[in-house]
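As structure tokens, one chain now follows by itself in the form predicted alone.
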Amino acid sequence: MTRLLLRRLRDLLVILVVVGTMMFFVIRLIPGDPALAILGPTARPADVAALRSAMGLDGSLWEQYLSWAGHVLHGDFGSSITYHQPVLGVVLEHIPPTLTLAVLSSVISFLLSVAVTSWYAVSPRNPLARALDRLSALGMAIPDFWISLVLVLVFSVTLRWLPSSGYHSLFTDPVQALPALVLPLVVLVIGQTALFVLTLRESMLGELPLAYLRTARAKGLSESRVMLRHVLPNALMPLITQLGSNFAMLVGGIVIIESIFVIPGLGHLLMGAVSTRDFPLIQGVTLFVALLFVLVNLLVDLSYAAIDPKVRVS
């Protein structure tokens, strides 16, 4: 376990260096001058040059990179051009909405996928179970933005049951927060549950021909006990891998959902930073997402040992 943690820490440092370096140079390819975007097209050249110097954009590209890397090593990610605040503070301020959506949707989707797939495995001839299993393919095919717009049209515009936008902290004001979270959560849960059901079903089908199940049936175990006690735990490994990867992608990529429902999360923040050429903020958000991605994968690896005894032995 100690060797695993050390390897992951090494991978974390390498990934952060690679992602930070690539993002630094890639975002410089975005057309436009950040100083001119702030001051406007009617700004005087002298004012633009002064602002570029204040932002550290007057040196060569390598000089800018070395200056930025040196500040990052000391924990200074720079100041946001748009918010006029330290990047770290801006990122931390926008993390709670995104994490709330990612955690709740991942947990709900995981539980629903396990329930639906287990029900289908135990009762394959049940019409409702078969219908839910078949609907998973449909859930994968429908775009999130289309589901979002339909839900807003039906439940917010027509029926006026739920708000179409806004966000309140679930911990400080749960009464107002829950109605605003329903629609974005439903959109995320539909897509994730469909993906998880397909992943778990294929994994369970791969376990069915194995010899240990014939032994379990020969001992007189019922089919439901064979499925739930033996097949399901062994089939969870690919689902947990998918859950970890999907969670990390949600944190950095719920741009469409946050834009439609006006949720001030990381995706919404990143879109605004790109449109305003806020280079320090783009780099800060990207590094945070990369850090979270590695940490989530570490938790996934550690969870393998809790689920599969073979991993603990190895």
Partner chain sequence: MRRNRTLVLAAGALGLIVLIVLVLPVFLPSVSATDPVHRLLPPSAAHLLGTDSYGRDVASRLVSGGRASLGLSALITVCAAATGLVIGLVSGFFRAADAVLMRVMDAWMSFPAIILAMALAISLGASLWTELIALTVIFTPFTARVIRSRVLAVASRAYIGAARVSGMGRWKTLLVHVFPNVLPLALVQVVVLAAAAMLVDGAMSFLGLGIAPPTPTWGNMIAEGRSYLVTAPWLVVVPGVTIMLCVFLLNLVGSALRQAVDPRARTLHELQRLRTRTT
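Predicted model only: the values in this text are computed from it and were never measured. Positions refer to the first chain, counted from 1.
One more form of this protein should be noted, the form predicted in complex with the partner chain, which is absent from this view; the next part is about it.
**Student:** Since the partner isn't included here, can you check whether the partner chain sits close to all of I142, V255 and V274 in the model of the complex (heavy atom within 4.5 Å for each)?
**Tutor:** Result yes, every residue of the spot touches the partner chain.
**Student:** Counting only non-hydrogen atoms and a 4.5 angstroms cut-off, does V116 reach the partner chain in the model of the complex?
**Tutor:** Outside the cut-off, so no.
**Student:** Does any heavy atom of A121 come within 4.5 Å of a heavy atom of the partner chain in the model of the complex?
**Tutor:** Looking in the model of the complex, residue contacts with the partner chain include A121, since a heavy atom lies within 4.5 Å.
**Student:** Closest heavy atom of I263 to the partner chain in the model of the complex, within 4.5 Å or not?
**Tutor:** Judged by the heavy-atom cut-off of 4.5 Å, I263 is well away from the partner chain in the model of the complex.
**Student:** For V26, is any heavy atom within 4.5 Å of the partner chain in the model of the complex, or not?
**Tutor:** Although the partner chain is absent here, V26 would touch it in the model of the complex, with heavy atoms inside 4.5 Å.
**Student:** Only one of A218, L138, V175, L159 comes within 4.5 Å of the partner chain in the model of the complex by heavy atoms, so just point that one out.
**Tutor:** Spelling it out, the residue with a heavy atom inside the cut-off is L138.
**Student:** Which one, 207 to 215, 180 to 188, 107 to 115, 89 to 97, holds residues whose non-hydrogen atoms are within 4.5 Å of the partner chain in the model of the complex?
**Tutor:** This holds for exactly one stretch, 207 to 215.
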